Ligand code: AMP
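Below, in structure tokens: the form predicted alone, a single chain.
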Amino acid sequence: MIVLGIEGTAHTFGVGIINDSGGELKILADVRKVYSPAEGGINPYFAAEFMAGNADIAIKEALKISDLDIRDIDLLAFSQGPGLGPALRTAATSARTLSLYHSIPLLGVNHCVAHIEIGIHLGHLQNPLIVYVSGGNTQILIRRENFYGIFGETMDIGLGNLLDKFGREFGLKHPQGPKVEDLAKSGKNFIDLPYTVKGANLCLSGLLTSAIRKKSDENFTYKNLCDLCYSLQETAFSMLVEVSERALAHLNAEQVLLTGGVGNNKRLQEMLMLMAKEHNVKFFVPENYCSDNGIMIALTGLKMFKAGIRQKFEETKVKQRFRTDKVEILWD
């Protein structure tokens, strides 16, 4: 079965094509067109405009790389939510148009679940503790029967949002997260910042506000910024590791999966890996697939289809606030 997946929830219009014929899943194409604003953060309408201008290009490029025609596609899958409304609608329109015109079955996929499923597949994992961190999401999850239950999560902003907003305040260009990570490597002096953990949940907005206020300190320099980036990361990541460790002990998980865009951060990987090692459990990060991509959408669509899930066309409307724990998992 050949599946074409379309991702479009924020800044990336991704097209992934996979083939599981012969019992082995093969990645045929992975095309990503990434919107990057000249300044500031992501404007949802400009991001959607970028996607609309690149959708046809990306789809044709993926088909060419795969040496396929659109008529060879057996299933279309797209990111139904959560995400930025204009971006979601642009990706959905592309998928729905292809489905209608070429009479190809269509499935809407939860973006967060797709991040989890690609990690489980690539890591050959069995019900891991999931640390899912992206721009808008920060959640600690584990599967219980047919749902991914949330053990803990952010009570305000996502970890990626924290890093991006902080970076913008200090004039860093998009994407700010990787630039904060680079600056943090030169930081030497730890600056005390608010550390807010409430049971299994964490709060990040107070940390952000306090870090931004440091900019007004007298004689603030580039060296101070490196120290501040270092301190911001260490504080936020320590909070996340604490709630993850609490979940690991409480749930008796034997594996830890880090996924989502912020999962690319090497320092966060290091901290969670050390925590997992102390508990003698396996740690895995889906390298090259933490960031948004069409492969994860195609893979999850394939799993859904094989589990017997079908959607009527009217059921493929976007869901901007599509929570991870509201998706019934009917596949292994």
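Here the structure is a predicted model, which means the values were calculated and not measured. The first residue of the shown sequence is 1; numbering continues from there.
Only in words, not in the display: the form predicted together with the ligand, which the text now covers.
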May I ask whether 164, 261 and 264 each come within 4.5 Å of the ligand in the predicted bound form, counting any non-hydrogen atom? yes
Can you check 154-162, 120-128, 215-223, 85-93 and let me know which stretch has heavy atoms within 4.5 Å of the ligand in the predicted bound form? 154-162
Within a 4.5 Å heavy atom cut-off, is residue 108 in contact with the ligand in the predicted bound form? no
Please run the contact check for residue 80 against the ligand in the predicted bound form: heavy atoms, 4.5 angstroms, yes or no? no
Just checking whether residue 234 would be counted as a contact of the ligand in the predicted bound form - the rule being heavy atoms within 4.5 angstroms. no
In the predicted bound form, does residue 178 have a heavy atom within 4.5 Å of the ligand? yes
Only one of 31, 290, 275, 28 comes within 4.5 Å of the ligand in the predicted bound form by heavy atoms, so just point that one out. 290
Members of 99-136 lying within 4.5 angstroms of the ligand, judged by heavy atom, in the predicted bound form: 115, 134, 135
